[in-house]
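Just the one chain here, laid out as structure tokens, in the form predicted alone.
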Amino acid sequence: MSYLTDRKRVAGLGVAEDGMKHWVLQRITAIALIPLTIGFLFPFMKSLGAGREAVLETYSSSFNALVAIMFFIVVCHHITQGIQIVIEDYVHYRRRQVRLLLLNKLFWGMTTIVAVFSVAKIAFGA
């Protein structure tokens, strides 16, 4: 007879803890994207179609540049997490899964770096 509770018996087995952390982070990034998207889209729509000078003027403001940088970081992280879940759920061959997960991280990591660098270049005077 075991005196362990059900929780103690399964503690440390499987990847449930990591899965829960991933699920919570996915929800946090989704909630964070609501105000960031609004904060990004209004200045972006204001300068859309107005020419290069209008874009430079809009994102030379430190607030608009900071919101744009945070938006790109959070959106790329959110997409990385979502694609990771799809790969883990639907790719059954371990080697292919590892390759796709690596490509996912590399692609969205590089996309984040390029987006942040682009906004920073505009903000600090192209």
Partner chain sequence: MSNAQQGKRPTSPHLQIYRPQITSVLSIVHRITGVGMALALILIVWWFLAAGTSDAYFNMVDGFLTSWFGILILGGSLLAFWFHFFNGIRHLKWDAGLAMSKIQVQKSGRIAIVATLIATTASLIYVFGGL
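This one's a predicted model, so the numbers in the text were calculated from it and none came from an experiment. Numbering follows the first chain given and starts at 1. Rigid core: the largest C-alpha set superposing within 1.5 Å between the two forms.
Quick note: we don't show the form predicted in complex with its partner chain, though the next part is all about it.
Enquirer: Is L56 a contact residue for its partner chain in the predicted bound form, using a 4.5 Å heavy atom cut-off?
Expert: Because a heavy atom of L56 falls inside 4.5 Å of its partner chain in the predicted bound form, the answer is yes.
Enquirer: Even though the partner isn't displayed, in the predicted bound form is I79 close enough to its partner chain, meaning a heavy atom within 4.5 Å?
Expert: Yes, I79 sits close enough to its partner chain in the predicted bound form that at least one of its heavy atoms falls within 4.5 Å.
Enquirer: I'd like to check something about V114: if you look in the predicted bound form, is any of its heavy atoms closer than or equal to 4.5 Å to a heavy atom of its partner chain?
Expert: Flag for V114 set to yes.
Enquirer: Could you tell me if S60 has a non-hydrogen atom within 4.5 Å of its partner chain in the predicted bound form?
Expert: Output for S60 is no: heavy atoms all beyond 4.5 Å of its partner chain.
Enquirer: Given a 4.5 Å distance limit between heavy atoms, list every residue of 101-125 close to its partner chain in the predicted bound form, or none if there are none.
Expert: Result: F107, W108, T111, V114, A115, S118, V119, K121, I122.
Enquirer: Examine K46 after superposing the rigid core and state whether its CA is displaced by 2 Å or more between this form and the one not shown.
Expert: Yes, the C-alpha position differs by at least 2 Å between this form and the one not shown.
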